[in-house]
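Here's a solo chain for you in structure tokens, the form predicted on its own.
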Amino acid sequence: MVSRRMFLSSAALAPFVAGAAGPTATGGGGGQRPVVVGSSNGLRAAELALERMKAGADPLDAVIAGVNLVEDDPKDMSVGYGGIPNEEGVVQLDACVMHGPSGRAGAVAALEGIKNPSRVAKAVMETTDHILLVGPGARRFAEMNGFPVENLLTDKARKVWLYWKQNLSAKDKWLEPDPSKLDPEVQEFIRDYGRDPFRDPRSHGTIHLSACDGRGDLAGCTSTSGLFFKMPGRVGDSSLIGAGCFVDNGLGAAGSTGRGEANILVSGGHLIVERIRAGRSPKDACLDALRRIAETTKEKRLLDERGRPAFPISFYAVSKSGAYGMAAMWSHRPSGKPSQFAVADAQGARLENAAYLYEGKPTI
């Protein structure tokens, strides 16, 4: 028997299941618990989260501990301490968490001066009647709860931001720097991201982890410093429950990295979990969300010459059974490296190649 809800969920996405570009036979598997799946910058994070769950930790505490590794690492310039600042040189962080067993969630956005927004999001969930706090209110809440206020702008991030300002326009009062005297840390940044983010500053980065423990309880966490050189106050999908992260303890957990604006428009995290409800595997549910984005992206500035979304976005999911999956819009990252994701389970922690919608790499 198929319930009316499952039938309608399947029917609503039928146009997106048929006729889209086919993925490779990668990007998913599993079926054993515990398991953690997440973005490729979260390999050590996924490994730590798995260790914590094996030791008896709640899955949300486990994924937050993993995410904290990346938030604390100044070498990852897309999350937490050392994250790329906004256009005014201020680091603003977004994060959300969702706990399957309780069905509760918490989030913060445009948070300044607090290194671990994921932990603040958990405090919002546990101690308030709210889900999302933003800006100065989120900062004040964090201070009230004893989170130390720190300068999150590292010297490397400051140099990157200053170089970006110097390259903004030939009409402003900044003089473009001599390319032959480019700071080595700025050169390293450009090399790591595979494109010149100063002339095309739509780069971004995030960490997401979804986990299922040995009992089948689920949790998810997403954290980011957001779009490089974003407008002050910009909020992406990483702090929005239902977009950057969503958990239904009876079904699965899902989250996203990449172009947040595209994900917000389709509520990707919630969409993926509903596709799991309709019987799709985590991998195929992630692909469904990408097809929805491909179908609904209309602005020419966001499309390539063939009408495909020209930006990167990836989804990650795990089901209550321990099956996991991931899919990316493009087979390769801007650097030309294959799109990959982190998995940690009984076989250890590793990177696997993504399922994907289109062959090639994003151009914006």
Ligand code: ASP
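Numbers for residues come from their place in the sequence shown, where the first is 1. This one's a predicted model, so the numbers in the text were calculated from it and none came from an experiment.
There is also a form predicted together with this ligand; it is not shown, and the following applies to it.
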>> Considering non-hydrogen atoms and a 4.5 Å limit, which listed residue (100, 82, 260, 106) is close to this ligand in the model of the complex?
In response: 260
> Considering 125, 186, 134, 227, which brings a non-hydrogen atom within 4.5 Å of this ligand in the model of the complex?
Replying inline: 227
>> Which is the contacting stretch out of 176-184, 160-168, 270-278, 229-237, given heavy atoms within 4.5 Å of this ligand in the model of the complex?
In response: 229-237
